[in-house]
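Listed next as C-alpha cells is one chain, alone, in the form predicted alone.
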C-alpha cells in the first residue's frame, strides 16, 4: 500500500506540472459529462417518467454509474492503455521486476483529469439525494456506497479483460468499449427500460445491473428483500474471471523484442 501511495504521489505531481493544461482537461471532462446529464433533463422535459422512474430517481441512478466509471478511469487507466505498454516493450521491463504484474500495470498510469467527470457526478448525486424520494437510513446509505464502490471494481474488471485480450490481438478490441463506455452511456437510465433480454445479459453475463438497477429498486422501496441491498457485492464475482483471463494471457505472452 505504501508503494502504491508513492506511485499516486508521483503521478499527481507529474500531471500538476502543467496546471493550466490539467485544469482545462478536467474542465472539458466536466463539460462532456454535463451534456450527458442535459440529455436526461431534456428527455424528462418531454416525459414525466421513464419505466416508472422520475427524473430525480434516474439522476440518482446515472450519477452513481458515472461516479463508479470515473473512479475506475482514474485508477485503472493503466489497463485501458495496456496495448501501448505491450507495443513499446515497457511490459517486458515490468516482467523482470519483483512485484505483482497486475499491481505494476495498475500503478503505471493514473489519470487525475477524470476527476472533472467525477465532480460532475458528485454534484448531480448531491442534487438527486434529497429529491429522489428515498427514505435514507443506514441500510440505504450502505447500499448507495456499495453501488459506487462495487461499480468501480466491475469497470476495473472490464478494463482488465480488455487488457488481457491484448495478449492475443496485440491491439485492444474496440468491442470492449460497448461494455465500458457503452455501459456508462446506457447507464443513464435504469437498465430495465432496454427490455428483459438486455437486463438478463447485464445481470448474468456482464453484471452492470447488479450494482445499478437492483440496488436502485431497494433504495426506492420497490423491492423490500434485503438481498437487493447486497447485489452490488455479488457483481464483484466478475473480478475472478477477469484476473484468471489476464493470468491465462500472461502465460502465453511472447516478448515484442523491443
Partner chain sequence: MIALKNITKTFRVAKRQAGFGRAVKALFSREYETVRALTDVSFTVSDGEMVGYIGPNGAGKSTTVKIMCGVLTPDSGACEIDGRVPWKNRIAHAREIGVVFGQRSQLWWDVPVTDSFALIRDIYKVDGKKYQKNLDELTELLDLSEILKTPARNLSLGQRMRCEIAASLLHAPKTLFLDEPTIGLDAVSKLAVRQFIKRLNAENGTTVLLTTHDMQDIEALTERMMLIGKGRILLDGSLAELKTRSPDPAASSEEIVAALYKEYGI
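It should be emphasised that the depicted structure is a prediction, and the values quoted were computed from it without experimental measurement. Residue numbers count along the first chain shown, from 1.
The same protein has a further form, the form predicted in complex with the partner chain, not shown here; the description that follows concerns it.
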Go through 101, 74, 81, 125 and name the one with a heavy atom inside 4.5 Å of the partner chain in the predicted bound form.
-> 101
Based on heavy atom distances of at most 4.5 Å to the partner chain in the predicted bound form, which listed stretch, 138-146, 113-121, 159-167, 86-94, is the contact stretch?
-> 86-94
Quick one: is residue 13 in contact with the partner chain in the predicted bound form, heavy atoms, 4.5 Å cut-off?
-> yes
Interface membership of residue 248, the partner chain in the predicted bound form, 4.5 Å heavy atom rule | no
Within 4.5 Å of the partner chain in the predicted bound form, do 3, 17 and 255 each have at least one heavy atom?
-> yes
